[in-house]
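In the block that follows, a single chain appears as structure tokens, in the form predicted on its own.
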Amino acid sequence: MAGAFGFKGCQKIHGPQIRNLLQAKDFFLFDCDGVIWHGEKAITGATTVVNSLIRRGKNVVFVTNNSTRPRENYMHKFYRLGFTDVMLEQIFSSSYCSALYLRDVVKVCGQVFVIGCDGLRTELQEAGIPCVEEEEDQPDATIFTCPLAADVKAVLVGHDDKLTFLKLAKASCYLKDPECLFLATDNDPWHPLSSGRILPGSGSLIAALEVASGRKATVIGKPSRFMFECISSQFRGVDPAQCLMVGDRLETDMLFGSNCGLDTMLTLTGVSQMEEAQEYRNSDVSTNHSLVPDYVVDTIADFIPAFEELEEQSN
């Protein structure tokens, strides 16, 4: 991918270049954490950028690997933080896309064993996907004594802050059946916390289960193409050449954009920084080049002067 203006990767763009990009693109895909908010605080200028794009008639969607909350909860968060023009159909989380995959692609006929939070289960239930009931295991329960559900046709792994060894053991037993699907909402290895500590991500849980089962999970979320296929199925006329993927993580957001044929923009308000992008750009390993962004900005608030220029031109 060469970028819409002929240069590739790790070059910061400013005023007129951002203005031209805004005019050239019809679809803007945003990651959430680290791009438009940190926790319960919107990144400065993010609400102005998102609301301005929507009011200008641009198609704006949000693609997040966070599977811990249903889309309805995301709607409340957007509104709470000032993103008042965002609608439910613009939100594509890995939990929502996992539900669509199970319902519409593989058309699962049976129960799904879920390792994940309540938000993931909610999305599956709203899509009519039957989940194995999560009963309270006895304190002394082991894989030798606990019951296993019948008719489990898929194991789905997402972020689970109540993970137990018994859950992993049950999932491993279900996956002994080669007909049982092994799916993952995402493979993010870790997430940064405001304290400077990190939180293990879904990828760490998947790795444990892949070793135990001897199988590889099918990943639904970024950087898999399926999330873009979900968007294309619900928005008419989505042309990859008219899309810009804006994210903060090279190995997830930039690779997702590259896999889907989208131009990519890295913001420096989240996980990845310029030095890492430059290392990938200069790498002798060709596959690393897919992780290099087409454009770099300090923050999506850098869009605001471009909007002001467009306003002046129209007056």
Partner chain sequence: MSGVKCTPLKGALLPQVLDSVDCLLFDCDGVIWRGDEAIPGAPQVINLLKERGKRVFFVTNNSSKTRKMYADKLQALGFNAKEDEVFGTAYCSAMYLKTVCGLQGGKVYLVGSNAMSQELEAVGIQQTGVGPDHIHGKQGDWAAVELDPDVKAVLVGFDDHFSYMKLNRAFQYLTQRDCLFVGTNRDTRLPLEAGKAVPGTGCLLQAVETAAQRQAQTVGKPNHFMFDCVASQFGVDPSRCLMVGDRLDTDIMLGSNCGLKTLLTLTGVNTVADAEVHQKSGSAERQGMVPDYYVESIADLLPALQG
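Positions refer to the first chain, counted from 1. Quick caveat, the model's predicted, so the values are computed rather than measured.
The form predicted in complex with the partner chain exists for this protein as well; it is not shown, and the discussion that follows is about that form.
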Self-check item: Candidate site 164, 190 and 200: all three near the partner chain in the predicted complex by heavy atom within 4.5 Å
Solution: yes
Self-check item: in the predicted complex, segment of 88 to 96, 202 to 210, 118 to 126, 226 to 234 with a heavy atom within 4.5 Å of the partner chain
Solution: 202 to 210
Quiz item: Of the options 75, 173, 81, 132, which one has a non-hydrogen atom that comes within 4.5 Å of the partner chain in the predicted complex?
Solution: 173
Quiz item: Of the residues 148, 105, 109, 241, which one places a heavy atom within 4.5 Å of the partner chain in the predicted complex?
Solution: 148
Practice problem: Consider residue 180 of the chain shown here, and say whether it contacts the partner chain in the predicted complex, taking contact as heavy atoms within 4.5 Å. | Solution: no
